[in-house]
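Presented as structure tokens, the chain that follows is alone, the form predicted on its own.
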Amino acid sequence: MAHIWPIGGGKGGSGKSFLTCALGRLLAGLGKKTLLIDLDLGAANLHTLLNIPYPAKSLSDFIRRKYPSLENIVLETPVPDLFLISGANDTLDIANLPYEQKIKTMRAIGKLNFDCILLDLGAGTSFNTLDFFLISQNGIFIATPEPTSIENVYRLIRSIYFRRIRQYFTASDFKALEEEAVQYFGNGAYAKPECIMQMVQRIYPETGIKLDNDFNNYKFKLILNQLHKQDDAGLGPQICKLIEKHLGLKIDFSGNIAYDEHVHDAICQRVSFLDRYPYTRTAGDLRELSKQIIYSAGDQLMINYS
């Protein structure tokens, strides 16, 4: 069974696609058959980072039933053991993927035969983004040190928390929970997942136990990208503590990825940053993160980058 890692961030420009591509290269370099799926619906660009200018097939071909399975649209990349399902050439309406097609796609992803699958998700908190993130108990949140990015990734995490609770209830039952929360905790409680969760535990104790198990089993990670020398290196753990305090959701801080102006150069020239600048601090940070993914998957593979 594939280990699936959704990668999301609340704000555009946080580096989700670059991180997805870099981790894919590293995992493939470790001999892991790795698939990247571009689920930034309507704004896909993983193919560009992999220097595949004109993908012959894309996710729209599967959704529109041109091909019967996701396997039929998997593309080889120039990197051995690294494969891509592209979002290039998608139709204009793909950003508003209907529920039935979304469920079909999610189920198909779970059946793919790869060691690791990385999902590059769109920015924001659309239901598509939230549901694709919840396809796995693993997940990576990425933010930059700016207050706007931190606020947006917090909102994303809160929305995912809310979305998981919501999935256990009908629309009318969830509305009743919101009303109960407001009566018990006061105005604004309907927008606080911790208040909704307390009402679930009071009114639906069995469902509360299931949700507690869900949240305890999540292995979510937070990464701070583009960290400059003057930035607070301890900011990431502080954010994780804040999330646990207010949401009760444990997020592991996986480290900082240093800012490097050569990333821009590599992207513009459509070359691998890891190949061109392998000895930079940023490349080292990315290698450390790939190790964590391997170990989180329960893999005892000995990793040697020398």
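Heads up: residue numbers just count along the shown sequence, starting at 1. Predicted, not measured: the structure shown is a model, and the values here were computed from it.
FYI, the form predicted in complex with a small molecule isn't displayed, but the following is about it.
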| query | finding |
| --- | --- |
| Contact residue in the predicted bound form, from Leu274, Cys240, Ala258, Ile52 (heavy atom within 4.5 Å of the small molecule) | Ala258 |
| His246, Arg64, His264, Lys250 - the one with a heavy atom within 4.5 Å of the small molecule in the predicted bound form | His264 |
| Partner contact for Ala123 in the predicted bound form: the small molecule, 4.5 angstroms, heavy atom | yes |
| Ser290, heavy atom within 4.5 angstroms of the small molecule in the predicted bound form | no |
| Contact of Gly13 with the small molecule in the predicted bound form (heavy atom, 4.5 Å) | yes |
| Heavy atom of Gln226 within 4.5 Å of the small molecule in the predicted bound form | yes |
| The small molecule in the predicted bound form: contacting segment from 27 to 35, 52 to 60, 66 to 74, 250 to 258, heavy atom within 4.5 Å | 250 to 258 |
